[in-house]
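Below you will find one chain, with nothing else, as structure tokens; this is the form predicted alone, and questions on how it binds or moves follow later.
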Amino acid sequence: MISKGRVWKFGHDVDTDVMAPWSSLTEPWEERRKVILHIRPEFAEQARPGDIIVAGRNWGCGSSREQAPENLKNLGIGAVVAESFGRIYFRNSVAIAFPNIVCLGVHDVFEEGDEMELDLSTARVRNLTCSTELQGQSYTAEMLNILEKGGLLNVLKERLLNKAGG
């Protein structure tokens, strides 16, 4: 599970309210996507599928709003690599199969626009622009399984089918 993408760099304590403002939750996707990470007004318009977000400490702090990682995934963001994550945001991300890796030092090693290679199975993070490599915190085998199967609901459906003999 290797991803490559262009890096968008954000700071510390970016909360779920700027990833999915409450006022946008009932809007159609084309309106909702315009306000994703509105602290960087150009982000939603210029983000390309496979781009990777690098962030500081506490990415996804704040509310338990599951639309926060869902909006990033729907926008086509390939992953978020941060110094740390808000606990509920991280769990919501795994549940919807949106990769997020904890990697100490990542905020200092990457600049906006650098190219990243990310190996989700080993949590190896490489800056292809300046040939630097970091080791992130690996997912557990169960979390990797959820990512590979496309989310927690798919894993649960598979288990129920297996249990029912189908």
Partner chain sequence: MGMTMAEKALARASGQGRVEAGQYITAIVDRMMAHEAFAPCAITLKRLGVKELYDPDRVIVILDHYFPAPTVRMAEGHKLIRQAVEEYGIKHFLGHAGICHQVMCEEGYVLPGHLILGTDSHTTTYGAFGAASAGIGVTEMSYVLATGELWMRAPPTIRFDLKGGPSPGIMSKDIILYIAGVFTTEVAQYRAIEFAGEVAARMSLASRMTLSNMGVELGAKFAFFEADEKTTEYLKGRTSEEARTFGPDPDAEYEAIHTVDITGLEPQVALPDNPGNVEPISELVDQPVDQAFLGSCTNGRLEDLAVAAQILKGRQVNPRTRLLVTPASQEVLLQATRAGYTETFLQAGAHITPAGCGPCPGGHMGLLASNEVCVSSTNRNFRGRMGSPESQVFLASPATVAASAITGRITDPRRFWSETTLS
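Positions refer to the first chain, counted from 1. Since we're looking at a predicted model, the values are computed, not measured.
Not on display, but discussed next: the form predicted together with its partner chain.
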- line: Answer among 94 to 102, 111 to 119, 43 to 51, 128 to 136 for heavy atoms within 4.5 Å of its partner chain in the predicted complex: the stretch 94 to 102
- request: Consider Ile146 of the chain shown here, and say whether it contacts its partner chain in the predicted complex, taking contact as heavy atoms within 4.5 Å.
  value: yes
- request: Using the partner position in the predicted complex, report whether Asn74 sits within 4.5 Å of its partner chain, counting heavy atoms only.
  value: no
query: Can Leu160 be called a contact residue for its partner chain in the predicted complex at 4.5 Å between heavy atoms?
result: yes
query: Gly86 near its partner chain in the predicted complex, any heavy atom under 4.5 Å?
result: yes
message: Do any residues of 53 to 81 have a non-hydrogen atom within 4.5 angstroms of its partner chain in the predicted complex? If so, which ones, in sequence order?
response: Arg57, Asn58, Cys61, Gly62, Ser63, Ser64, Arg65, Glu66
